[in-house]
Ligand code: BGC
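Quick heads-up: it's one chain on its own, the form predicted alone, in structure tokens.
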Amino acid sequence: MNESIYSARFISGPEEWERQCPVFRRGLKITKECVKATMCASSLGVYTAYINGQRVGKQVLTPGWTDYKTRLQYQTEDVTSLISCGDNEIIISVGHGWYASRIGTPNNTKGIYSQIPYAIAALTVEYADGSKETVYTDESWSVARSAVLMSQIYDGETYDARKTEFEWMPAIVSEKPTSILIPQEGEDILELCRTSAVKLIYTPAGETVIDFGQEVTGYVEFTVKGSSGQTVKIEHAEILDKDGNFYNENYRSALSMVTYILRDGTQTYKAHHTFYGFRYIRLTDWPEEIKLEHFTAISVYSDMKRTGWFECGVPKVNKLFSNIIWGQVDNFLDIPTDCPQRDERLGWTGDAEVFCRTATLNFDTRKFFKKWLRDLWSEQEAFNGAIPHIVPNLWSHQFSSAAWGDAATVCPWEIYIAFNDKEVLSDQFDSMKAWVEYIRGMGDEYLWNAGSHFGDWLGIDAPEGSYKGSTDQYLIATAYYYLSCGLLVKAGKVLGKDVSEYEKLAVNIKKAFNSTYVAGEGRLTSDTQTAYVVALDFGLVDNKALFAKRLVELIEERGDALSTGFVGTPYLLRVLSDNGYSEKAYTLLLREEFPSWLFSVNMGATTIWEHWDGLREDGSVWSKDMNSFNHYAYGSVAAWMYGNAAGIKIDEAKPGYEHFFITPEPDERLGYVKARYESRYGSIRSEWRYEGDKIRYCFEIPKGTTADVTVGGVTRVLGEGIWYI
């Protein structure tokens, strides 16, 4: 923690500037030898700082998004190399960001928290003689309208490159409390990937469109030559319509536009304070010949270390896995968003909950999730244990939904077992307990049979006109009640707490579930795929063979097709494999007709879709109302790829892969599988390959670990080394 920033003041421009972005300035004269200089900065909005014209740090969209009511991250940078003897100039450019943009609901026209952004900073210079001085944001700073005329999360950015002279006036000092400031907890948001434009398209409608070949979250960098006052206008889209024309109606009210006003000559631009989700751009104004080499898509996301890889002998499955990776990085921009493009881009708890295990396998998400979970607890405290649908929360509280609110218990546990991080359990234990107590007070003590829930959201079996699948919402809710209570018990035991009360509660929830929702031998009152999936995966039914048999019957009745939505899909293949139906799990994975994972691959997807049929076989769209083509929840199938196809499983008794299991489930239709996970101990690898009528295996066990490896029904305990079987 750097104490200096707490003595600074928040500063702003006048309220009447509203959507215009301010820039702040202050001079600093150095007359002695400087040995070290440190800058702490933050904003209610997003900011970029400069000293003597050079950018401070590499992060973008700082300080990220938190529960601004109680938590605001600040960044600390060593700026010694930027300071010079004599006159120095400090500049802070601020955009509206999540704080002052219109965000949260399609009809919202103003910032949820504020109409204007604020900056705060402290620059401390240490001298060779042992003295030091600190410059704080206060009444000594000046403010002006910047060249960024508008920058909004949904609507994009307008920039006037002609604007080089500014009309400075005294900055307005705010009485906003500095007590909300915290050192940065999340990963840095960086520019981490550059994708070249691949195709110039002149559409049947006469539009000029550029295809980057991959959907990304970030912004376009372009180079253009022209005359002062000419403009560039760029719009963004995920898909082309069935006729090959530019299509962005699914962005709803988000304008998602760049307007750039040129100065004379050649110039290069990229967004300063916002981001877009896109694969295609439409040029409605461009002053010269279009050259693809002048356009690059820059991906921005949280700087998480890649830890997981999967490859098999079916190229379409490999493309699916690539889409899952892209879907994660595109939506892990400081918070786990539902989508990066339309007028939403919110931290939906349900999406994070179902995807958390896959997320921990693909990337080291420990720091990322711990920061977000602290915001979840901060928001939860305001509602007496209830969890808002989105974190950070922008809405007045309505109701807490099963599966969504259960992010409070599922995510901490998944982070703990993946990384052996007890701190996340310690940080979140009160949150976990408050969530279980909230549920207990909602319906009958042992059933969550009250309130409203999202149910099996977007299930294929949803009734006409509904987004909810047909599974009884209270069956799902009670199943999650049992799951969360059990995870609370597990967390309490890890932390050495007395959780005997909750052990008894879990037993009673299971009894109540069986007496209420079990209709007979192997049957549930809600006879849907998702009902059987959650009952089996969460351990709510004892005679698993009968219930699993019924699940398979329901799949076969649909022609070997799934009917699950956001709740059932993440666990579907795992339940099949864990109950002796691995072959059926592969059949679902490899299915290419709608509904299936590979249907979207066949339709040209480069990320994961929100709907199984977001784009229909004839090229028409499912809906323009709620139809994201970059929604990672169904990508949770990757956990099955690692854990069942390759067989790499965590041992919860020795978390963080100190000990683990490898139990591969080969299927000749894949030909081979190669999976690797970079644990804190080193590489864990599981490979199998069909060679004629034999299956060859290769496993890698890192130093300091052991694994129970099961092949052909025989289990071996293996230690460090590469093993061939």
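Residue numbers run from 1 along the displayed sequence. Since we're looking at a predicted model, the values are computed, not measured.
From this point on, the text means the form predicted in complex with the ligand, which you will not see here.
K.L.:
For the chain seen here without its partner, which of 640 to 648, 259 to 267, 335 to 343, 174 to 182 has a heavy atom within 4.5 Å of the ligand in the model of the complex?
P.N.:
Comparing against the ligand in the model of the complex, the contact stretch is 335 to 343.
K.L.:
In the model of the complex, does each residue in the set 406, 538 and 571 place a non-hydrogen atom within 4.5 angstroms of the ligand?
P.N.:
No residue of the spot touches the ligand in the model of the complex.
K.L.:
Even though the partner isn't displayed, in the model of the complex is residue 626 close enough to the ligand, meaning a heavy atom within 4.5 Å?
P.N.:
Output for residue 626 is yes: heavy atoms within 4.5 Å of the ligand.
K.L.:
If you check in the model of the complex, is residue 457 within 4.5 Å of the ligand, heavy atoms only?
P.N.:
Close contact exists here: in the model of the complex, residue 457 approaches the ligand to within 4.5 Å, heavy atoms only.
K.L.:
Please determine whether residue 215 contacts the ligand in the model of the complex, using a 4.5 Å cut-off between heavy atoms.
P.N.:
Although the ligand is absent here, residue 215 would stay clear of it in the model of the complex, with no heavy atoms inside 4.5 Å.
K.L.:
Hey, in the model of the complex, is residue 96 touching the ligand, heavy atoms inside 4.5 Å?
P.N.:
Flag for residue 96 set to no.
K.L.:
Which listed residue (157, 610, 187, 375) meets the criterion of a heavy atom within 4.5 Å of the ligand in the model of the complex?
P.N.:
Filtering the options by heavy-atom distance leaves 610.
K.L.:
By the heavy atom within 4.5 Å rule, which residue out of 276, 448, 355, 566 makes contact with the ligand in the model of the complex?
P.N.:
For this set of options, the contacting one is 566.
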